[in-house]
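Just one chain is shown here, as structure tokens, and it is the form predicted on its own.
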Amino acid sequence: MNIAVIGLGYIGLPTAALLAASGHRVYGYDVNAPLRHGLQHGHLPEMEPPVRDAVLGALRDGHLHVLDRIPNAQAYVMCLPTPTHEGKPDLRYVEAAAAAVAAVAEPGAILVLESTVPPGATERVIEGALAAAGKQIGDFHVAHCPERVIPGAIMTELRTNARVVGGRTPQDARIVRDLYASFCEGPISVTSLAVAEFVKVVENTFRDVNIAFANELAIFAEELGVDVWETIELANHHPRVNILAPGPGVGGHCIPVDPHFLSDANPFVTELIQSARRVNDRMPYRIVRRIAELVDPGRGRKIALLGAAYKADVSDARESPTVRVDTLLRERGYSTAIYDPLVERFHRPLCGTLEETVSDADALILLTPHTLFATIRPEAVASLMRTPRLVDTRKFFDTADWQRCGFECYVLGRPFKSVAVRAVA
């Protein structure tokens, strides 16, 4: 089948590579001209090694072609970002892609939207785009098939995860299910457009609410003087309880964004969802408040931050809590240094070494629990810092080891005693 993939980003490019590897003739298009031209000459943007290998293989084998315009094809798969602006879904990229596809698609073509959107958006956007092009939606096969992947395992999860295909009609759903079955090994469920849209948003909202619950428990545990980590571990022994871990906030391209698609659609029946968002959004403020109780925010105080990525062992820093923590600290007069050898792109320059990061620092803050940070030796860090203090927002380190090396330690969700802040000579 001839398939055009619109949007060659985080999801579109690996999807195009998988379709090409499955024997389809795939045409990729993106509005980013430098990206297109780079791909046409085999120059790929930063991406996971398995994605890179698959894309290079598809380009080399001639099954994937990157074009400067959207071609006529039997199927169109649209993979566009859907950010939020002031808490409201921003569908302009989806709308622009739908309009461009509608201008060239012929009756009988398959139109699939993978982008996360509020329930009802797929049909509304595509029908409007087709109408503007003088075409009828009933002449096309329209479906929504949201992706379900995590950074670090994109190729594996695109291929093996269960998928949901929502069709405008049952026939549309079956046709698109058969298309996705050509490269998806996991089970594929069929349903309506609105249910498929709702499923994707609900999945990420569930995690946001669960994390907010864990974060509230962490704050409450500190007030009670008990250990939230032990509490959660013991509670999760119950066969029907699965509390997630607390932390300094929620990041990534999905979990902190998708709940807004529901709360914006109906703010009157989404009070729990909105409350969870507020809890998670406040966590960076909570962490900075604890730091201020440990280190006087006077002139010359330096805070070292470990981790810029939004989660462990990935290079993705989108919506990372580190951004907010760093900004809040600098607004309060601290100087900051950030170390994350996995992240290449961040909102400000990162330090090249751990030694540079912790040199003359008044506190070290663990924000992202990268596995590689487990090799950090507290005695080596203590010798470089001005004042040995550790704030661990993930219960990552063995604080007993750090305390033996002279560190004053605070772990999110464990009893905390505010100390009298001592001026540093």
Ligand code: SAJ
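These figures come from a predicted structure and were not determined experimentally. Heads up: residue numbers just count along the shown sequence, starting at 1.
As for the form predicted in complex with the ligand, it is not shown, yet the points below apply to it.
Contact check for Tyr10: a heavy atom falls within 4.5 Å of the ligand in the predicted bound form. Using a 4.5 angstroms limit between non-hydrogen atoms, Arg207 touches the ligand in the predicted bound form. Contact annotation: Pro118 falls outside 4.5 Å of the ligand in the predicted bound form, judged by heavy atom distances. Remark: Arg148 counts among the residues lining the ligand in the predicted bound form, judged by a heavy atom distance of 4.5 Å or less. With the ligand left out of view, the stretch that reaches within 4.5 Å of it through heavy atoms in the predicted bound form is, among 260-268, 241-249, 326-334, 87-95, 241-249. A heavy atom within 4.5 Å of the ligand in the predicted bound form is found for one listed residue only; from His63, Arg36, His370, Arg394, this is Arg394. Out of the listed residues Arg286, Arg301, Arg163, Lys311, Lys311 is the one that sits within 4.5 Å of the ligand in the predicted bound form by at least one heavy atom.
Residues in 346-375 all lack a heavy atom within 4.5 Å of the ligand in the predicted bound form.
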